[in-house]
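In structure tokens, one chain follows: the form predicted on its own.
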Amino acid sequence: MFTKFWPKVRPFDKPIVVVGGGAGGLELVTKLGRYFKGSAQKVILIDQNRKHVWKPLLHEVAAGSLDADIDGVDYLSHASKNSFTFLLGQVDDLNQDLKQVSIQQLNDLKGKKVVGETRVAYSILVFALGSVTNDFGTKGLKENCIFLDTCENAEQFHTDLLNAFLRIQTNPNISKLNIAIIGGGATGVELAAELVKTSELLISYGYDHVSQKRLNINLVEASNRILGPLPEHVANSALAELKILGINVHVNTVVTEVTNSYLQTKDGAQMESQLTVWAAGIKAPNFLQGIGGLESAKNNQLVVNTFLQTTEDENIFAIGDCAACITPKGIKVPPRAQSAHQMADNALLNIIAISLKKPLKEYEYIDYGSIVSLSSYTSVGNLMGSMNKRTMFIEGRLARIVYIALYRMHQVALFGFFKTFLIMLVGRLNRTLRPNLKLH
């Protein structure tokens, strides 16, 4: 990115507003803030959460191997250092004619008003909301499952997990802890492996009654194999590793009902579960469906053109999981972190191009492959060749290095190389100074 060398022109007459501080949204608003620093242009980020955690790592927050309070990014602090404004709240409406978005009234946990409903004007608006869990209307799901689509949900699962292990430790009448993970995609597979690692680490902290034999993890997938979007040989390698870890993998198994003690499957079987995680599908947030008259897809995604502008308004962009995008080559962009990263860079260039009255750049998705991390045990995945488009299977330490590198790229986009190096250095020190597992 060489935007810092571009001439800076007269700012837009109203703020640039980015809704959603996920991987793509936070990278975009950070770079916009830096580019327009010192000018009259105001850049605003709106998010309903106070901190950012890279979504592909939420399973580590749930298992306790990642502490969101340490590794998360505080929006307010980050905004002050990168010349943009952060507003806490949830957008629920859009007025294209007035070029305004509405933010719901913000209440505290007791229901008392903190901030009333507000309206924010914009010149350029970017929806970067990411995705939420799609429950497909499954009976009992909302009441009895944890969805790993927010940091708060992941932290709640971690608390429930520690309590469940404590029951095993203190109650000899409990023979096993049954955990069900519904969905055999990357999140489900990675969480299953992390939970095994958590049970091993707890033994070193005095939970001597906790063992892998007393942990029963069921990974349930409705299709005929896990990791459906990935090549079959990658899925088979991951499946073999999961079996070594003692994880029960059930394919071709459709869950029709979830209770607080078991799952009901389509074939009439029941599966015991004291803790259930749903990771079986995603969609864009419901309020995006037709918001402000914008065209949206069935899964609530906003339909965009090849420049990432919504089809009904060229001043409104959508990036990441909430964008339904078909590239000029006819490729449907998948909901991945690398897509969000690439879209953020493209949207940045096009927003600046609009201000400079220059031609826009079409977005072209580049697939670099996918890596699945099975905790510290191993990693598997495939890398996509840039020239011959052939894939290369990798596993073990090399795959783990590539997996970590993807996160470091995100940190570099937010903090720059030097600060990211310091973060890595502090992380290594923390491995020595702090517990290997979050215990609270």
Ligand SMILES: Cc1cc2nc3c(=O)[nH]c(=O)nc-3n(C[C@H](O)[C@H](O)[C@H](O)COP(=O)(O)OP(=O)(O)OC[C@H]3O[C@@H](n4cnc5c(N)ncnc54)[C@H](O)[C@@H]3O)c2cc1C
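What you see is a predicted model, and the numbers here were worked out from it, not measured in a lab. Throughout, we count residues from 1 along the sequence that is shown.
We do not show the form predicted in complex with the named molecule, though everything after this point is about it.
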| item | value |
| --- | --- |
| Partner proximity in the predicted bound form: residue 238 to the named molecule, non-hydrogen atom cutoff 4.5 Å | no |
| Residue 292: touches the named molecule in the predicted bound form, heavy atom cutoff 4.5 angstroms | no |
| 4.5 Å heavy atom contact, residue 66 to the named molecule in the predicted bound form | no |
| Close approach of residue 128 to the named molecule in the predicted bound form, 4.5 Å, heavy atom | yes |
| One residue of 305, 338, 118, 264 in contact with the named molecule, assessed in the predicted bound form (non-hydrogen atom, 4.5 angstroms) | 338 |
| Location of the named molecule contact in the predicted bound form, chosen stretch of 28-36, 45-53, 375-383, 392-400 [non-hydrogen atom, 4.5 Å] | 45-53 |
| Sequence-ordered residues of 12-38 touching the named molecule in the predicted bound form, heavy atom within 4.5 Å | 19, 20, 21, 22, 23, 24, 25 |
